[in-house]
Every structure is written in structure tokens, then in C-alpha cells.
Ligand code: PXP
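Here we start with a single chain on its own, the form predicted alone, put down as C-alpha cells.
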Amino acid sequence: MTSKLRLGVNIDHVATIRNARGGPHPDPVRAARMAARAGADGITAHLREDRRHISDPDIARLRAEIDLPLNFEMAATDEMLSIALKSKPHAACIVPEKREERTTEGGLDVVGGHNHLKRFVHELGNAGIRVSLFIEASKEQLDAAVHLGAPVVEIHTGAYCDATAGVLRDHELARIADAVTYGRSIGLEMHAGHGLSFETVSPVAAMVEISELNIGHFLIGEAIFTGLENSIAEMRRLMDMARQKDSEN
């Protein structure tokens, strides 16, 4: 376990805004620099097969110009494996990807995709890249991740964040809590992310089994109103407060 909860800031949707009009602005690499100043511990970027937001030059610039660790989100394809092995990010998070989806919907099926995923996990790991798998809060998926040899998993928090506050959200939060406790017990490093906001982050951040949260879309949206550094700094404050309160209990 770790006492300090790391924050990975996903800059994909800075690139989404840039690509909507074309040209160089806004620059996701500039956003990464601002994230570093605001208290981020790492930068996350998803290079999609259709290049809808982050581009290949973005990845190259992030590796060359940013001192923070880069978490490279990728589909389990030969093209993405080749790019990851060439760019050598600090980490590679394997995620499910469909061309028609607006954002990553649901977790990776590690149980059903074991044979396909095995080569990717091993080649990335052998290259010195920390491998994580983006999965649902499921004991079966956690066991499959261990069997594959992945050292890290990121629990999909979308169902919790989308649930109406009350019994349903409490149920989803309990599923996450059970998963991260079990995952740590079998030797996995536990991360979480997807859909987290100022409203929903604290109960997840308070789970001491979690080492890292990856947050993007909400922070970029909030930046329209308060500025990117303020948005990230407030998320950092809420995470730290939640972790501190848990340690005092």
C-alpha cells in the first residue's frame, strides 16, 4: 500500500478540442506541463486506433518534453504494441477499444481474452514497461490478471460515477472496495479511474489499497470554468484530504 495517492491526469480531451478545428491549439503537451505544476504525478494519454484525439506526434513530444511518467493507454493490437515498444513509456494500460464508442465503455475481458492478451503483457513487461489492465471490479478478472502476469490493474469506476447517489451508488462503491481489497491480497497494485469528479472522488480516494487514480474528462471540462491548474489542484486537494481522513480513523 502507499500513503500518498498518485494522480494521473489524462490529457486526451485537450487534443479532442484541438482536433475539432484543426491546427495546433490547444496543445496537450502544454496541458501536461500545467498538470505537473498543479500536482499531477503522471500523465495519461490514449492513442486510439482512429487517432480521434491524441496523435503519434503528441506521444513523441510527451516522451521528449515532459518529466512526469507517461501512462500510455492502448488497445491490444500489433500497431499499438509496436508504438509502445518504440516509445518506451513508463507504463502501458491495456484497454478495450471500439471504433464506435465515444469513450472506453466497460473493462477489458481478461478471462475471455487471456490467450490474446498474454503476448502483449509479456512483451511490454520484458521491455521494462509497467503493464496494467483496465478491468471491472470482478474477482474473476483480478484472478485472470494475476494469471497473465500483469503487475497492475485499473478498476473501472464508471458504473459508480454514473449511478444515482443512494443505494445504487453505495452498491457500486462496495464492489470497488471489495475488488481493491481482494486485488491487493493477491499481489496486484491497484489503480482506479473513469468518470471521477469532485463529487465522486473522495470515497474512492479514501481506499488505502488504491495507489493511483487516473482522471481526465472531468478535469478538462472543469477547466473551462476555473482553469486547468485550478481544476487539477482542487482534485489533488480532495484526494489528499480523503486519504488523510482515512489514516486518522
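From 1 onward, residues are counted along the sequence shown. For clarity, every value in this text was computed on a predicted model and none was experimentally measured.
Separately, the form predicted in complex with this ligand exists; it is not shown, and the next lines address it.
A.B. asks: Just one stretch in 177-185, 216-224, 57-65, 23-31 has heavy atoms within 4.5 Å of this ligand in the predicted complex, so which one is it?
C.D. replies: Checking each option against the 4.5 Å cut-off leaves 216-224.
A.B. asks: Examine F134 and determine whether its closest non-hydrogen atom to this ligand in the predicted complex is within 4.5 angstroms.
C.D. replies: Judged by the heavy-atom cut-off of 4.5 Å, F134 is in contact with this ligand in the predicted complex.
A.B. asks: Report whether the minimum heavy atom distance between V152 and this ligand in the predicted complex is within 4.5 Å.
C.D. replies: No, no contact at 4.5 Å.
A.B. asks: Would V121 show up as a contact with this ligand in the predicted complex if we use heavy atoms at 4.5 Å?
C.D. replies: Close contact is absent here: in the predicted complex, V121 is far from this ligand, nothing within 4.5 Å, heavy atoms only.
A.B. asks: Heavy atom to heavy atom, is G195 within 4.5 Å of this ligand in the predicted complex?
C.D. replies: Residue-level check for G195: yes, a contact with this ligand.
A.B. asks: Tell me, out of L173, A159, C93, A144, which residue has a non-hydrogen atom within 4.5 angstroms of this ligand in the predicted complex.
C.D. replies: Checking each option against this ligand in the predicted complex, the one that comes within 4.5 Å is C93.
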